[in-house]
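Only one chain comes next, encoded as structure tokens, the form predicted on its own.
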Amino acid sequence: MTPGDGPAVHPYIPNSAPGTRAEMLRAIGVSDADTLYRDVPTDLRLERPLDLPEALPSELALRRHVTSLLDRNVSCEDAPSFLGGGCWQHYVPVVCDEIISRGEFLTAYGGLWYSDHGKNQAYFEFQSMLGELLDMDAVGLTTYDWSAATTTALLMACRLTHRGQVLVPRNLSPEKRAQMHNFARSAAEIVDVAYEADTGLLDLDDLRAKLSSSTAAVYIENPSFLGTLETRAGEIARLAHESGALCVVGVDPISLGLLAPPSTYGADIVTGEVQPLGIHMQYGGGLGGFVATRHDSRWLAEIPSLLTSIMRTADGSGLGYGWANWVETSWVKREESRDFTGTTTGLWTIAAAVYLSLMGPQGMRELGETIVAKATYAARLLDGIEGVRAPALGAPFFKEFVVDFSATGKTVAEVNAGLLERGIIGGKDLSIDFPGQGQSALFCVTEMHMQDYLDRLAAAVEEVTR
């Protein structure tokens, strides 16, 4: 159909063909599409066609157009990336992609125990291995991301203690803090606890001042958003318990092959992010949060996501996998649910299970040691550059560390722009969300960063800040 002959027929939208469109309208008993929008006030309607370019005439033309758009991006495959802050670049073994690409996992929705035996077994293996890594008894299936899982854990604490206040560190991710507020504001008061600007550790004096009989939980992250390890986590848990509150700890699970699990220093509930465990960084996806706790029926009943369990079949011939707390989940309780998680990110659950089974305890330990060694090497290189301070915080760190450029006279934005010109993606700019840290950035170093990448970063930073 040529311009001026009527509505254009889009090659990829069958409903745009006039005959098909008319038949669909007849089937629902209306004469034109505008009738469907009669309840929308006229002042809210766009009274003209959208200003869109002409439809691309062929698949080849469409492919070339999309490729030209994608070529404008700089990916982590094209340039060394030192971005972190909640989504990190780790190596994903090929077998992880291979397993989750199988049709039984990739295309199937979550079936019941009698129709999705293999998927439920994979969920069970994930919960078992992650529980061992965390040293916790029960792990729920993953939900949207770490932020959602943490808010769920804090709401669990409110219900378990019958209190309505939670204390969280002020050096929390701004995005996580915003999600926490939106999710929990109707049920919990969220109070910030200060952190020490020179170390990044939680300010214990401020914590003591804010703990009260209203406090349901104290939340800390280990490592923190700024990469520091909370060396006084045991003392924080003790203070929380003395006031009758619970201690909720957020972790990066990839650190636990090297670091002690949160249960050893008093955590009651543990949350975290599975993205480092065999899941690629993705734009708008690839995240999955978990909630773990001890084996207590009262606690397990407060987890709104699924728990997969194992038992022998009725005839004793094999094993079956089913949902242990089905009646307590938000799927069953719906509007009466005490919490909500939505559809679990089951595909990432399976990817993490494959990753953990491949790595094993020794592999996770070696990975943690490698990350610490490389991050320490990078920090020392950067700290040797005039005007650059790294790490800018005095506490030990894992994988991520703060780099202060204030004394160079350059802003983080200027440094990152100079790095990008040299084919390097710099750290996350902290100067807006954490102004007290000056012109600082959060740099992430993982097993993906070879020594030549780190040497190249230091050389580029020295050039940019000169």
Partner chain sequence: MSTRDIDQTGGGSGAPGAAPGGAAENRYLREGFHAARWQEPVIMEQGSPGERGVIPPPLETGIRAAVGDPAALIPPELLRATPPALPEIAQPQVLRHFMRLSQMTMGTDVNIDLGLGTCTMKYSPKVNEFLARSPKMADLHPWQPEETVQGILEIAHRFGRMCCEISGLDAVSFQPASGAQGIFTNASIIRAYHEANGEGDTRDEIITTIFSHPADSATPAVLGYKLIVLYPDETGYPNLEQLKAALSERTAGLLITNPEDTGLYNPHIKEFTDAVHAVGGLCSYDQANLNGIMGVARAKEAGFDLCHFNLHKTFSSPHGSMGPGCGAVMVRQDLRRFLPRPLVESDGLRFFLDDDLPESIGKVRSFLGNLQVVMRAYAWVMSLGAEGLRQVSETAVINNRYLMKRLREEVPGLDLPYSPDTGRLDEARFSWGRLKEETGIGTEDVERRILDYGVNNYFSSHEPFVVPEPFTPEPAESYSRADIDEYAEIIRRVAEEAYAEPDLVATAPHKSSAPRMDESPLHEIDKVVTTWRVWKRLGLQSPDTPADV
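Heads up, when I say rigid core I mean the largest set of C-alphas that superpose within 1.5 Å between the two forms. As the structure is a computational prediction, the values presented were derived from the model and not from experiment. Numbering follows the first chain given and starts at 1.
Missing here is the form predicted together with the partner chain; even so, the following discussion is about that form.
Proximity of Pro93 to the partner chain in the model of the complex falls within the 4.5 Å heavy atom cutoff. Taking non-hydrogen atoms only, Thr308 approaches the partner chain to within 4.5 angstroms in the model of the complex.
In the model of the complex, Ala458 stays away from the partner chain, with no heavy atom inside 4.5 Å. In the model of the complex, no heavy atom of Glu196 sits within 4.5 Å of the partner chain. Partner contacts here mean any heavy atom within 4.5 Å of the partner chain in the model of the complex, and among 347-355, 244-252, 161-169, 212-220 they occur only in 347-355. Only one of Leu239, Ile190, Ile385, Leu300 comes within 4.5 Å of the partner chain in the model of the complex through a heavy atom, and that residue is Leu300. Applying a 4.5 Å heavy atom cutoff to the partner chain in the model of the complex picks out Leu256, Gly257, Leu258, Leu259, Ala260, Pro261, Tyr265 from 255-276, in order along the sequence. Superposition of the core reveals a Cα shift of less than 2 Å for Ser213 between the shown form and the other one. Core-superposed comparison between the shown form and the other one: the Cα of Thr20 travels 2 Å or more. Residue displacement note: Leu52 has its CA displaced by at least 2 Å between the shown form and the other one (rigid core superposed).
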